[in-house]
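Only one chain is shown below, in structure tokens, and it's the form predicted on its own.
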Amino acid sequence: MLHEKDIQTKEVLDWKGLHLFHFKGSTCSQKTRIFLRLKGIDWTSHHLNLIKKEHQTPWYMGINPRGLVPTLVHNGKVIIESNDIIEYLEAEFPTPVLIPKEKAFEIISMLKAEDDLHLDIRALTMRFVFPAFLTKRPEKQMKAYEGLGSGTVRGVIDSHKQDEVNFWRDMAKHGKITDQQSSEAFREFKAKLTELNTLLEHQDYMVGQSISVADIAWYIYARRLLTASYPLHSYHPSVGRWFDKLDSNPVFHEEIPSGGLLGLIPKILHTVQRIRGTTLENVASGMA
């Protein structure tokens, strides 16, 4: 939850009700929207088009100093980062329970593991889901981004913002996400999903026999990995069965756009990658 001095767009401090800034193609936004649907919480949508850079305006970065989505505004309180938003909402709207008290430590640990892989899922997305010319950020844009927002989170200088800048500048330097970055991300996910596969051999969901926040978070990553051509079902069959079960639920499936241009671009990109021998598996095996 941000401090008032972190927020430069002061008008949101007077907003009533629950408002969510989000983008339909953002994994973190998708996770939050599924959570809200499962909870049955009413909310006001503020959709930002990240392709048009609507998240990097003075107005929005005056609300979220990192310029990321989602951002929650609830009766004037501003909460950033999807897992923090979810934990806040679980406390405010305790039923139906999606973080059972007896499983809270386990679930929070799973969310931490998911969050630790955020830059890895971004790297695979930028390399294998969208072509480089759509994802590059010029230096002029980076400098503008650095100058927007308060630069603080909870009253202290925010190092996370510099991590964002470093990621995009490194990508610009190499012209793309490198083979080494892709291979490292692949190995990180393979190791974690192998661990989850063992877990799901003995239970229906991540922490037992009912859906929790952990299932929402890892469903989103599994769906994005499949879009990046990660061989989920052959490498991790128990995870694959778990995924198919959740994917058959409209509450999950409908929150992930798969048609139109967003669906067509990865298909064209994967065809080109197969012809060139630069699919995710090819790159990962070549760097092994």
Ligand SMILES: N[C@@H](CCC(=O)N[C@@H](CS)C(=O)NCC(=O)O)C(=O)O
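Residue positions are given as counts along the sequence shown, with the first one as 1. Note that the coordinates shown come from a computational prediction; the quantities given were computed from them, not determined experimentally.
Keep in mind that the form predicted in complex with this ligand is not shown, yet the notes after this line are about it.
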Residue stretch of 195-203, 92-100, 180-188, 117-125 approaching this ligand in the predicted bound form, non-hydrogen atom distance within 4.5 Å | 117-125
Is L226 one of the residues lying within 4.5 Å of this ligand in the predicted bound form, judged by heavy atom distances?
-> no
Contact between C28 and this ligand in the predicted bound form at 4.5 Å, heavy atoms?
-> yes
W168: touches this ligand in the predicted bound form, heavy atom cutoff 4.5 angstroms = yes
4.5 Å heavy atom contact, E81 and this ligand in the predicted bound form = yes
Looking at I41, L50, V251, L262, which is the one with a non-hydrogen atom within 4.5 Å of this ligand in the predicted bound form?
-> L50
Just give me the single entry in A222, V69, I63, I34 that has a non-hydrogen atom within 4.5 angstroms of this ligand in the predicted bound form.
-> V69
Restricting to 127-164, the residues within 4.5 Å of this ligand in the predicted bound form through any heavy atom are R137, E164
